[in-house]
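Before any questions on binding or motion, here is one chain by itself as structure tokens, the form predicted on its own.
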Amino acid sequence: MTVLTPSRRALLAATLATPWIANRAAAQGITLRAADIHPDGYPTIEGVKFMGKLVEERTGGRIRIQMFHSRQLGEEKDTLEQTRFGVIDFTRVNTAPLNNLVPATIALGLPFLFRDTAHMHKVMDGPLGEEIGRDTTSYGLVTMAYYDSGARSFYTKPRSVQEPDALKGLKIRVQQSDMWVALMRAFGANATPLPFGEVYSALQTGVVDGAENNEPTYFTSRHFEVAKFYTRTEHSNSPEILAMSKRSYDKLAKPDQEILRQAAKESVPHMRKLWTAMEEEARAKVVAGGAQILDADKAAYEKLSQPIYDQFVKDAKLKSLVERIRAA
């Protein structure tokens, strides 16, 4: 007897639902499905909903976007796979799951590459963002927009990690990406790749001693309940990618493609406004919940990150991209 994991069940359910949705679309219009691991109300969710509202208005209700939040269709790795093969139409993912597919996305997660949020916005909203987006089409994905994901920092259970030495020996959950595993090792931690949905229980049971993410996710995931020390290393400021299945995109008429692209573009400032507000709310609520937010010795961490550039930025094209991002 074959045992299906939750992610495989989600993939099977989505696949089986496709013919029903296609028939319904033929009768009533087009329903495009979007997936996200975050809970309802999270800024990335609201960004896609805002996009969907614009699309529905501009097509007279002929095209709609149905949002599946809270990992209903699987973890990021699963929804990325489903989107590439046209099982679902949109997914919002961090750049890390794309690293092994689209080499250009490696640059976006490199430690301390972006000087600040304004620098990241300038890069992603300009020609460099368009260039990286074009690279995803060869892998069945159309990059529609870049959303914010804040600065990633460590949150730990046994102690704070303001100095890199405090991180040594700790088991830290990372995204399932070779670069992120290498980064944790460079910092002295024991990297433990895990799907996002498993992190809370892993922190509870001691499978990991900590993780790293932005403040809103630290709050909405309730990870602050089991890992009370949030140390602001801000070691990565990588954006999120809202990607559409190229198979789904190519089935649309060109005017409809343009409506979707424009709506996605207009959803970005809406999402960013919500993001800024949620960062402030999250900070206040985790402190009220007993967590400590501490500043780190960023210079010490940045010094340890150079081997990541040596290991992962060898290709001439990627080196050029990194140089142009720094110069932006």
Ligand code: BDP
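Since we're looking at a predicted model, the values are computed, not measured. Heads up: residue numbers just count along the shown sequence, starting at 1.
There is another form of this protein, the form predicted together with the named molecule, and it is not shown here; the text below is about that form.
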In the predicted bound form, Lys49 touching the named molecule (heavy atom, 4.5 Å): no
In the predicted bound form, Arg152 touching the named molecule (heavy atom, 4.5 Å): yes
Touches the named molecule in the predicted bound form: Val286 (any heavy atom, 4.5 Å): no
Contact of Gln175 with the named molecule in the predicted bound form (heavy atom, 4.5 Å): yes
Contact residue in the predicted bound form, chosen from Ile65, Ile45, Met278, Ile37 - any heavy atom within 4.5 Å of the named molecule: Ile37
Candidate from Asp89, Asp209, Glu240, Asp78 lying within 4.5 Å of the named molecule in the predicted bound form - any heavy atom: Glu240
The named molecule in the predicted bound form: contacting segment from 125 to 133, 210 to 218, 80 to 88, 254 to 262, heavy atom within 4.5 Å: 210 to 218
In the predicted bound form: members of 182 to 196 within 4.5 Å of the named molecule, any heavy atom: Phe196
